[in-house]
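The chain that follows stands alone, in the form predicted alone, written as structure tokens.
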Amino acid sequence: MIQLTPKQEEIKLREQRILDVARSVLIQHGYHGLSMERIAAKVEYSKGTIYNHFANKEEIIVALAIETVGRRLEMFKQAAQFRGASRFRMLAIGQAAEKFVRDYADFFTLEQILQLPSVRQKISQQRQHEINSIEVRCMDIVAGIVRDAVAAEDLVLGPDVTPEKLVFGIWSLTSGGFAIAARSGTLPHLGLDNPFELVHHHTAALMDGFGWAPKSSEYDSNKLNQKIHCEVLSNE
């Protein structure tokens, strides 16, 4: 590990302070309410000091997103180490993804903002590359479990199905489902009182459809989820 000089440590702490305050401002006031002036007032730094760290508020937003996605990467790494069959390791990833959504609900606000063309064009290539590389590493972890499943003959993929294509299907289902579960207030009115459980149910059905052993009827999902929580996620 590289040892920081006292000056570098001071700069790092100042930048983290700016990001912590910016996150609270963004959650409270939204994208249009986030400004260098408002951040500077809350951290009691000059506006020029803020600009020394970040060129604009869009750079701050992507820096916040990088922090959060980095946390998800660490959670995925832990989940992938779960001791069990390849399918159970994939289910551990699903549990980690759910916990991420519950613990970092504000990330969806950041994610939506980052999709705006007016925002993306103001973000440096370096920061765009950084957040994209973290996303790719998350997906590589998941695709690695699929490849392990194929190697262990727990799963047989058709000639036109790559691990990445299967991961995209699982990713689309869980990401979309968890996003709706986290943000929608109408689900209880539709009789959907536990949408997170429904996401896991449909993911299991998808894996059953691909013939990923063991099938969902061959294990106790409640006991497995408890085991995953105790061994992988209890320290989160």
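Residues carry their position along the shown sequence, with the first being 1. Since the structure is predicted, the reported quantities are computational estimates derived from the model, not experimental observations.
The discussion below concerns the form predicted in complex with another copy of the chain, not included here.
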Note: another copy of the chain not shown here; in the predicted complex, the stretch from 35-43, 183-191, 48-56, 63-71 having heavy atoms within 4.5 Å of it is 183-191
Non-hydrogen atoms within 4.5 angstroms of another copy of the chain in the predicted complex: do Asp106, Ile145 and Trp212 all have one?
no
Interface membership of Val156, another copy of the chain in the predicted complex, 4.5 Å heavy atom rule | no
I'd like to check something about Lys165: if you look in the predicted complex, is any of its heavy atoms closer than or equal to 4.5 Å to a heavy atom of another copy of the chain? yes
_Touches another copy of the chain in the predicted complex: Ala152 (any heavy atom, 4.5 Å)_ = no
message = Test of understanding: in the predicted complex, would Gln112 fall inside 4.5 Å of another copy of the chain by heavy atoms?
response = yes
Applying a 4.5 angstroms cut-off on non-hydrogen atoms, the residues of 33-49 near another copy of the chain in the predicted complex are none
